[in-house]
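As a starting point, one isolated chain is supplied in structure tokens, in the form predicted alone.
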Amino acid sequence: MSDALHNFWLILSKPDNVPIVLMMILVIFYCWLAFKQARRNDRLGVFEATQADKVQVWPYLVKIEFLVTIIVLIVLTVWAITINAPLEEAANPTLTPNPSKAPWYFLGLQEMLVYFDPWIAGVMLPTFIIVGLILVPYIDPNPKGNGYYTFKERPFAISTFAIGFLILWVLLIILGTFMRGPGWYYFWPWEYWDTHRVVALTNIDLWEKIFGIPSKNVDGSFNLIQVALGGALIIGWLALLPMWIWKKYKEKSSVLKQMGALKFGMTAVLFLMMAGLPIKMFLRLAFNIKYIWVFGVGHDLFFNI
């Protein structure tokens, strides 16, 4: 086996990474199955599709659930016997693991910490994710697509959810698992994780990159020009852009008329916040731009976006 394949296999076969590999397989399979069913239903029509998919709970559904339960128990039993638990030695306060990673289901949040201030990545964004999911039934006026697979009748909702789940969550978990090595540097899956690797990165803020305006003055105070420019950009993105879209398209779009200004505004803000994550990632990875807006009160209380 070549060195590249050997390193790749070492990463895949780690006990901690086995659930992520299985998750990738299951996510790909069920996404393919869902879109296959949606394509079939869009071709047949709503009535024919729903009539063809109706089955009795007993014995058909209960029988399938029972068989799936047995299969899952067998898989978990074989897994527990053949793969050792990923237990490490007792915690040593003088030795910090490198890389030090959260459980795999939190690696998406840990990856976001690279691009945002901790209070944004660890508190604000997860809160907006939860609140946004709670608000979906109240801000989505489209009754179509309930109880059956479809894409033609719900293209925006399905596309938004697919991007948010697959790219902004599952992909971040994959990046944090397979491509973040010692020092939290990027490694390709087939590369050896060199603990002595050093990558020179010079991260600067947006307005210093464009206009040479630093975020702070020499005395440590915040640069008011940078604060004004950053605030104007954030307000324009989250407030003025939705207002402009509403004013321009409310008379042309029946969907916007049905939603109303309040529901559209909430939807637009949530969508633009979600879109801000890949934009911020691109700016950081491509141009080493760390923050867009740096502001605060005094020298201790400050916020970075």
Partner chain sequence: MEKNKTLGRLFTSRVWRSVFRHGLPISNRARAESVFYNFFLHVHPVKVRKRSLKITYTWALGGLTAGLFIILTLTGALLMLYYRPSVSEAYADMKDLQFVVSSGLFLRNMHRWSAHAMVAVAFLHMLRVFYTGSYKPPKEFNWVVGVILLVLTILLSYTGYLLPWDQLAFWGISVGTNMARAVPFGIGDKMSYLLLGGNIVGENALVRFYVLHCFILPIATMVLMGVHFWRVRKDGGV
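Computed from a predicted structure; not experimentally measured. Numbering follows the first chain given and starts at 1.
Beyond what is shown, the protein has a form predicted together with the partner chain; the following relates to that form.
Chemist: Considering non-hydrogen atoms and a 4.5 Å limit, does the partner chain approach M23 in the predicted complex?
Modeler: Although the partner chain is absent here, M23 would touch it in the predicted complex, with heavy atoms inside 4.5 Å.
Chemist: Does the 4.5 Å heavy atom contact test between E251 and the partner chain in the predicted complex come out positive?
Modeler: No, E251 is distant from the partner.
Chemist: Decide whether T77 counts as a contact residue for the partner chain in the predicted complex under a heavy atom distance cut-off of 4.5 Å.
Modeler: Contact check for T77: yes, within 4.5 Å of the partner chain in the predicted complex.
Chemist: At 4.5 Å between heavy atoms, is V218 in contact with the partner chain in the predicted complex?
Modeler: Taking the distances in the predicted complex, the answer for V218 is no, it never comes within 4.5 Å of the partner chain.
Chemist: Taking 4.5 Å between heavy atoms as the contact cutoff, choose which of A275, I245, A239, V27 touches the partner chain in the predicted complex.
Modeler: None of the others qualify; the residue that does is V27.
Chemist: Identify, from the list V255, I64, I279, A261, the residue with a heavy atom within 4.5 Å of the partner chain in the predicted complex.
Modeler: Checked against the cut-off, the match is I64.
Chemist: Can you check 202-210, 174-182, 227-235, 156-164 and let me know which stretch has heavy atoms within 4.5 Å of the partner chain in the predicted complex?
Modeler: The contacting stretch is 156-164.
Chemist: If you apply a 4.5 angstroms heavy atom cut-off, which residues in 81-108 are near the partner chain in the predicted complex?
Modeler: Sequence-ordered list: I81, I83, N84, A85, P86, L87, E88, E89, A90, A91, N92, P93, L95, T96, P97, S100, K101, A102, P103, W104, Y105, F106.
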